[in-house]
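Take a look at this one chain, the form predicted on its own, written out in structure tokens.
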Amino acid sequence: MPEKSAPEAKSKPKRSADSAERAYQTVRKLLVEFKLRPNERINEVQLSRELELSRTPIREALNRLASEGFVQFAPNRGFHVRPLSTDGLLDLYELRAIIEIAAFRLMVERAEEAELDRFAEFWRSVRDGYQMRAPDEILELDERFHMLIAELSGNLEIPVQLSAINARIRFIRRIQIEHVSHDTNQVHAHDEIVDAALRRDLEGGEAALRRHIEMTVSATQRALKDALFQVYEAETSPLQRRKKRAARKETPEVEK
């Protein structure tokens, strides 16, 4: 009897982990597709009922999404969908550029040849078909690419700070990756950064990083604008939308 009960005892955590992963993937998809609206309070009971899961895996999934910046948690208020806003976005990207450029400089100055080779090998291992991967995978690999630079800087605080920034912009970046404005030259930009690192070219690497981040900022602003429009349009009735379109057509143009 004891021999038969051991496998059964082990199967329960596995089922629990599977349920939490299913809840995570489902809720994340709802967020990215705006089925859960910005600022909306997340009803755990309703999610539990719709997904046919207990509250435990739902809560695990929401805690994971909160750590990744997709939702926000407030005591006595529960989980809310993160608001979409351009407020502070440029400041965060500016800070990201400052940190990453400093990290690149330190990496070039401090990293061993073997460490730079490891950085280049990581990029070579994921480069082929990079742009054809799923958006979630592109986001994960892009973050890993930039985190490697931070880790090879030799400064233990830089990866911590960059990770915190990534958590705050991840939701917006995930939207941008699936948007038409996504930088199709991202592979070339990474190539330039890796090449400069291997040559220990400080100026070339810093310039490539700055261009890469600036292009991402521009694309993100466009994606965010379209996302806000999509949410706004979804919140109005067809009649209201027709009235607004008609009003825009009837508005006389201002003479120049």
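From 1 onward, residues are counted along the sequence shown. Between two forms, the rigid core is the largest collection of C-alphas that superpose within 1.5 Å. The structure presented is a predicted model; accordingly, all values stated were derived computationally and were not measured.
In what follows, reference is made to the form predicted together with a further copy of the same chain, a form of this protein that is not presented.
Only one of 218, 39, 43, 63 comes within 4.5 Å of a further copy of the same chain in the model of the complex through a heavy atom, and that residue is 63.
A heavy atom within 4.5 Å of a further copy of the same chain in the model of the complex is found for one listed residue only; from 118, 168, 144, 124, this is 168. Heavy atoms of residue 136 never reach within 4.5 Å of a further copy of the same chain in the model of the complex, leaving it off the interface. In the model of the complex, residue 111 stays away from a further copy of the same chain, with no heavy atom inside 4.5 Å.
Among heavy atoms of residue 140, none comes within 4.5 Å of a further copy of the same chain in the model of the complex. Interface residue remark: residue 72 is not counted as part of the site for a further copy of the same chain in the model of the complex, having no heavy atom within 4.5 Å. Contact check for 47, 58 and 83: none of the three has a heavy atom within 4.5 Å of a further copy of the same chain in the model of the complex. Scanning 147-166 for heavy atoms within 4.5 Å of a further copy of the same chain in the model of the complex gives 154, 155, 156, 157, 158, 161 in sequence order. Relative to the superposed rigid core, the position of the CA of residue 75 differs between the shown form and the other one by 2 Å or more. A displacement of less than 2 angstroms separates the C-alpha positions of residue 199 between the shown form and the other one, with the rigid core held in common. The two forms, fitted on the rigid core, differ between the shown form and the other one by 2 Å or more at the CA of residue 56. Compared with the form shown here, the C-alpha atoms of residue 69 and residue 144 sit at least 3 Å farther apart in the model of the complex. The distance between the CA atoms of residue 68 and residue 161 is at least 3 Å shorter in the model of the complex than in the form shown here.
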